[in-house]
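Alright, here's a single protein chain in two forms, structure 1 and structure 2, each given by itself as structure tokens.
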Structure 1
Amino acid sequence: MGRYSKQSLEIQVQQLAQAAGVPAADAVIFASSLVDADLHGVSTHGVSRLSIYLRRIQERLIDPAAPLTVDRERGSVLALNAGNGLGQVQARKALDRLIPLARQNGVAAATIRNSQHFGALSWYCNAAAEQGLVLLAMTNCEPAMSPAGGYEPFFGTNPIAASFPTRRGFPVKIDLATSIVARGNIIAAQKKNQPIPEGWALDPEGEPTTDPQAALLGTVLTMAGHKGYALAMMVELFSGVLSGSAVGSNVGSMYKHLDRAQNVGHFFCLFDITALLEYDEYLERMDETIHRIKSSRKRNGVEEILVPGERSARVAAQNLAQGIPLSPDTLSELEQWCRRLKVEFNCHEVAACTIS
């Protein structure tokens, strides 16, 4: 893989988004979300997804300039409508609406309906943590998992996430799908024509498979069996039922359904830490907790115990210094979209450009 500067990737994605009809300020938000995923090593939610977003915009399945509107408002609780706009843009705007409400009232919450796939939840949670807040975030997704005992796709991989500020230079970040593996990993295996590990998925007939194509036509297995099923349902209720979005198998597929909108739903609950205890005390308690965890007795062969978010923070630091890796397939898609949208291709390997 070649490596590319964060700045050059963000500018390239911004230019392509604007050429597709995304307003300039929204294109900045959109590009930041995608590139940040690649920066932290989550390439399944990064620039590799740009092509399908642009295609859905061109097919008029995403409104690139949709306003974020308020359906209901009571105190610090909002029911928001994304207007079939870009999920990353509308969700970040929703977070910006919640921040002053959480600072005033201690907590603020929002549902967002009529949205799209919106990338990595940790991007929103980390943004809240940078401001001394804790965001609990959930989203439903296109059908990928069956309820326990079934093999018909109903739930998405339905992730849940939260990030907690620390003095360590990175937040403690919990961001996990309720599936045994993120579906993006199966998509990546399909693109590389590689098998997936046993225990990840069932084929369309409900049989275990290592074929990524069969897995994408079948179902991904839930994490921890019936416990993952229960968590997936909880996310579906918060994100789909409460928001008024599509639920379960009615959620549109980003890749398969090029004839209708996705109508994805999200749920955000934002906490101001200072409503619960003094911020310095909180940071001291976080430091102590992390220290105790990292000082735990290690199993044979283990050099260091990491806390959630620590590994991705190290990956981000390395990628900032050395450039963000981009697969040849993703780079080729960028070049194709540049030709199609008449945008100059300016994304060059870090050896030929300045690292930001």
Structure 2
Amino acid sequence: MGRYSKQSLEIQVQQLAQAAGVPAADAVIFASSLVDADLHGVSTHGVSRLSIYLRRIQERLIDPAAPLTVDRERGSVLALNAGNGLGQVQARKALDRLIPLARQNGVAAATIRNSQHFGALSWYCNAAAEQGLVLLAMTNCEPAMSPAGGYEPFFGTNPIAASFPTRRGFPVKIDLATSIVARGNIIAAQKKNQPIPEGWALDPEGEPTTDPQAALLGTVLTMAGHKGYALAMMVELFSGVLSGSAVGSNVGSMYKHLDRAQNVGHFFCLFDITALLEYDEYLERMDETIHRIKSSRKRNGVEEILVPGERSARVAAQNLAQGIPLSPDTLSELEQWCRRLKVEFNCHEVAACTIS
């Protein structure tokens, strides 16, 4: 796998997005989101998705220049309509609109309907943390999980996330899907012809399976049984029902449905820390909390206790220094899109590397 500089990847993605009809400033936002996911080692939400976004733009399933409009507005709350634009662009603009409201009132919230798969939640949460704010973010997604007792995919993997600023050079980042495992892990097992562990998925008849193929045709299980079901429901109600977007199995699939928009819904709630306590005091309290967690007693064989977000911050630092790894498949897709959209292919390896 080759490694590529953050800047060169961002420029390449920007150019392709622009060539597909995304306005220049929006293409910068979009590229930043995709490359940031790869930077943090979340390649499933990174440049590997560019191809399907471009395809959906070309098929007119995404409007690359849609305005973000306000359906309803009261005090610190906005009900927004993404107009079927790029999720990353619209949600980032929504965050920008919430920031002055949160600074003024201490808290601000928005729902966003008519959107798409919008990448990793932590990109938005970390952006808020950089401004000294805490963003709680949720989104519904294309159906993958069933309610407890069922076997029909209804919920997406419905993630929930929040990032908290620290003075340690990285935010404490909570970002988790409510599924027991990412679908990507099942796809990986399928590619390697390996069975998946019991308890991950049901086959299309609702029976437990260890066959990745059957699992992909069936449903992924929620994390922690009924608790994951309850959390997935909460995410669906905040992001789907309250936003006015599609709900549950009505959300379109990014890859399977090339005849209709996804109509994903997002939910943001933004908090200004300084409405609650002095920022320095907050940072001190965070630092002490992190210190106490990291210095607590370790189980046999455990070298270090990490706080959520610490590992991915290390991956990002390494990738920033050494270049971001990109799979040969993703690279070849980039090349093809460059030819198709008449954009110069400019991704040159920083260094060759082996990723375990």
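Think of the rigid core as the biggest set of C-alphas that the two forms share within 1.5 Å after superposition. Everything numeric here is computed off the predicted structure, so don't read it as measured data. Residue positions are counted from 1 along structure 1's sequence.
Structure 2 derives from the form predicted together with another copy of the chain, whereas structure 1 comes from the other one.
Domain motion between structure 1 and structure 2: of Ala162, Asn140, Ser179, Ala27, the residue positioned at the hinge between rigid parts is Ser179. Rigid-body analysis between structure 1 and structure 2: the smaller part rotates 17° against the larger, C-alpha superposition. The rigid core superposition between structure 1 and structure 2 gives a CA shift for Arg183 of 2.6 Å.
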